[in-house]
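Only one chain is included here, represented as structure tokens and corresponding to the form predicted alone.
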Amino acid sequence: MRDDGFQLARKRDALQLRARLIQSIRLYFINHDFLEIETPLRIPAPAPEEHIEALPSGNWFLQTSPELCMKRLLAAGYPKIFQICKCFRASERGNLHLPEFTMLEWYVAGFDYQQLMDQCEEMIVDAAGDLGFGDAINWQNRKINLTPPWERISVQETFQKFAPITLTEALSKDRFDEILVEYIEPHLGIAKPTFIYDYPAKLGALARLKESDQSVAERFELYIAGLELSNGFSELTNAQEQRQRFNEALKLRTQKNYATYQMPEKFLDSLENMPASAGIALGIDRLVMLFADAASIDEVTTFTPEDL
């Protein structure tokens, strides 16, 4: 057997676990009356975001997320939808990153970000039970207790507990991501999964601002064992405000010499009919890593770019 054959054979247990996990996730959503949908991988206009760069495909782009198309379905009257699909992002490669990866994304009309946290927690606990893990998993010599309720802590509180500078300083010096990755993430989800929530408004992207505190967006991320697994929020449905945010992101992208995107007009038009809702994207590959006790994303995917 050639070397690549041995490499693939060694992944057998991880790939079998991966298949069982995806089957469990799919069954969870079907049992909760979600409609599984498919949207195009190749789109003319990705959502303009400062830190995410799409891969070109002719004059269009490969999706970085199915978000815009899925929200158009929400606006068209599909209240509970999910999708497991391939997404693509430029310049992403490492132990936790691939330029082509698998995403689970789902949306619920009538939900807010707190209810979506509850559902995300329930879904992962349900999958752990299906896979025979019970109320705990072991990852890289760490035992993580999955028993609900999981920890929830605001972004402001994480800076107060773990960061060497304040949240305000981090934002003013454009060091938010640096401080989050270096000082805060290693402390998150260690004994139990952790949701961090209420991100600064300027980092809300497509999230609704909190009615009681307009300085923060109703956005959250889930961490388990220091790994960021998902990003979710209460959806912004104001087209004028969303257009303004997109314009600001396009200016920042220009400063970085990123690709120029068209404004996603059909998505913006659909916001007029979009109900109050919440949505979340969760990285399947990283979730498999946790259940498979794998140190690298390469161990739980069939082929990496270097293998092709």
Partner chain sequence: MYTASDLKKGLRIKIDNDPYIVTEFNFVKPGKGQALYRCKLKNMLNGNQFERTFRSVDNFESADLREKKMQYLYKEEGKYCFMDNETYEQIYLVEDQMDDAKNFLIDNIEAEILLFEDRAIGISLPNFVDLIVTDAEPWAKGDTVSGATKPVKLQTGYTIQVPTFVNEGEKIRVDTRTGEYMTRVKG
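Positions refer to the first chain, counted from 1. Just so you know, these numbers come straight off a predicted model, no measurement behind them.
Same protein, other form: the form predicted in complex with the partner chain, not shown, and the subject of what follows.
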Worksheet entry | Joint contact, 52, 91 and 182 to the partner chain in the predicted bound form, by non-hydrogen atom at 4.5 Å | yes
Discussion item. Does any part of residue 156 reach within 4.5 Å of the partner chain in the predicted bound form? Heavy atoms only, please.
Written reply: no
Worksheet item: Closest heavy atom of residue 130 to the partner chain in the predicted bound form, within 4.5 Å or not?
Response: no
Discussion item. Does any part of residue 7 reach within 4.5 Å of the partner chain in the predicted bound form? Heavy atoms only, please.
Written reply: yes
Item to complete: Using the partner position in the predicted bound form, report whether residue 237 sits within 4.5 Å of the partner chain, counting heavy atoms only.
Response: no
Item to complete: Counting non-hydrogen atoms within 4.5 angstroms of the partner chain in the predicted bound form, say which of 143, 187, 173, 86 makes the cut.
Response: 173
Practice prompt. Answer with one of 34, 258, 60, 261: the residue that has a non-hydrogen atom within 4.5 Å of the partner chain in the predicted bound form.
Written response: 258
Discussion item. Partner absent here, but in the predicted bound form, which of 188-196, 209-217, 91-99, 144-152 has residues with a heavy atom within 4.5 Å of the partner chain?
Written reply: 91-99
Response to the item:
Of the residues spanning 55-87, the ones with some heavy atom within 4.5 Å of the partner chain in the predicted bound form are 67
